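Below you'll find only one chain, the form predicted on its own, shown as structure tokens.
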Amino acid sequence: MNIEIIGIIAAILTTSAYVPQAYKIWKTKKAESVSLSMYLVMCLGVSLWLVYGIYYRSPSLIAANTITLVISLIILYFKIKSKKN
């Protein structure tokens, strides 16, 4: 078994965990209950994982962290936008 398959399965599971939260925020345009500090730290961590994945040329790390970063940035955008209103 190619170890990259395990990485791909893990990537699908961990990345998909953010989809329900992002969908709810996108639909309601409300993110008051989301932790700003958690998503700031999360975006930083995911960005570093993405750099790591690019360095090691790991398709599962690159794909998962690119998608997770986009989803997290969308959530972060709505969180910051909701603080201004």
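All residue numbers are counted from 1 along the displayed sequence. Heads up, when I say rigid core I mean the largest set of C-alphas that superpose within 1.5 Å between the two forms. Just so it is clear, the model here is predicted, and its values are computed rather than measured.
Beyond the structure shown, there is the form predicted together with a further copy of the same chain, which is absent from this document and is the topic of what follows.
a further copy of the same chain in the predicted bound form comes within 4.5 Å of no heavy atom belonging to residue 66.
Remark: residue 6 counts among the residues lining a further copy of the same chain in the predicted bound form, judged by a heavy atom distance of 4.5 Å or less. Mapping the unseen interface onto this chain, residue 11 counts among the residues with a heavy atom inside 4.5 Å of a further copy of the same chain in the predicted bound form. Among heavy atoms of residue 73, none comes within 4.5 Å of a further copy of the same chain in the predicted bound form. Along 38-52, a non-hydrogen atom within 4.5 Å of a further copy of the same chain in the predicted bound form is carried by 38, 39, 41, 42, 44, 45, 46, 48, 49, 51, 52, in order along the sequence. Shown in the overlay between this form and the one not shown, fitted on the rigid core, is a CA shift at residue 73 smaller than 2 Å.
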